[in-house]
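Shown below, as structure tokens, is a lone chain in the form predicted on its own; questions about how it binds or moves come after it.
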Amino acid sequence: MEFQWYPGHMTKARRAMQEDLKLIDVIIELVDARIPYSSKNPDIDALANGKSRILLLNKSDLADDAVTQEWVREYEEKGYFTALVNSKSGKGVREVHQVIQKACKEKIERDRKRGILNRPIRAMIVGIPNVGKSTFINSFAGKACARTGNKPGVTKGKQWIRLNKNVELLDTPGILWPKFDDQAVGLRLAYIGSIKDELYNIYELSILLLKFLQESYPDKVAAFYQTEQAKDEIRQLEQIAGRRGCLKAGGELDLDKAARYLIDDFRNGKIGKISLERPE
């Protein structure tokens, strides 16, 4: 399976982002805590041009806690300010204000020495499609100021949001990058729903996901679906189909329907706390 999705509006959004960066003090990038490398847009590094960087590991409640801490250490060693957040529940969101102040400490001191007081910090928030950016903004601001959706590409245009007298936030559309050099990155993005489901075969995706889960988290699938452990991924999917009552006319197992259940259950964290990659 090959994965790629870069619609025309993303090219336009990238150009606009590059233009807006001259107005910005700090870049806040949301990544999915289950894939902190694969959900991090390498184009942002090229655009950042020395700006302070904050990395928010969103959906941290869905990821393996021990692996997440490995990623925090990895990125902090590279100079990022980090925080773990859960946009839906609001956990960790309030603490992001403190992280912004910490990341912009030098800028605030420079302003103070020049006699500039109370100028709000201007932050640009970026992230790939379906990483939970709009939900985070709404939680962060305490009101529904950004549209949300469970499909990638809901936010198409930029919008400024004044959070309080200290911080102004520039929202941007979720963008990917033109080419995945490593198809494993595209595969992980498909697992979490950052590439449109219509662009790949959901059955094939489920088999690949089951293969990973059986290698890295061998007990979780059988425990959640109350099936026997099966080394063969197709057999495991057949058991899931049976447990979920996924049947076609005539009683044949509907594996496509079972595959959809598996992908949705993984994305919603029902199978358990799972990380799809570790720092190398």
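If you're wondering where the values come from, they're calculated on a predicted model, not measured in any experiment. A residue's number is simply how far along the shown sequence it sits, counting from 1.
Keep in mind that the form predicted together with a small molecule is not shown, yet the notes after this line are about it.
Looking at 84 to 92, 102 to 110, 71 to 79, 202 to 210, the stretch with residues near the small molecule in the predicted bound form, meaning non-hydrogen atoms within 4.5 angstroms, turns out to be 84 to 92. For N58, a non-hydrogen atom is located within 4.5 Å of the small molecule in the predicted bound form, even though that partner is not displayed. When the small molecule is considered in the predicted bound form, L62 lines it closely, a heavy atom lying within 4.5 Å. Not displayed here, the small molecule is approached by G132 to within 4.5 Å at the level of heavy atoms in the predicted bound form. Contact annotation: I128 falls within 4.5 Å of the small molecule in the predicted bound form, judged by heavy atom distances.
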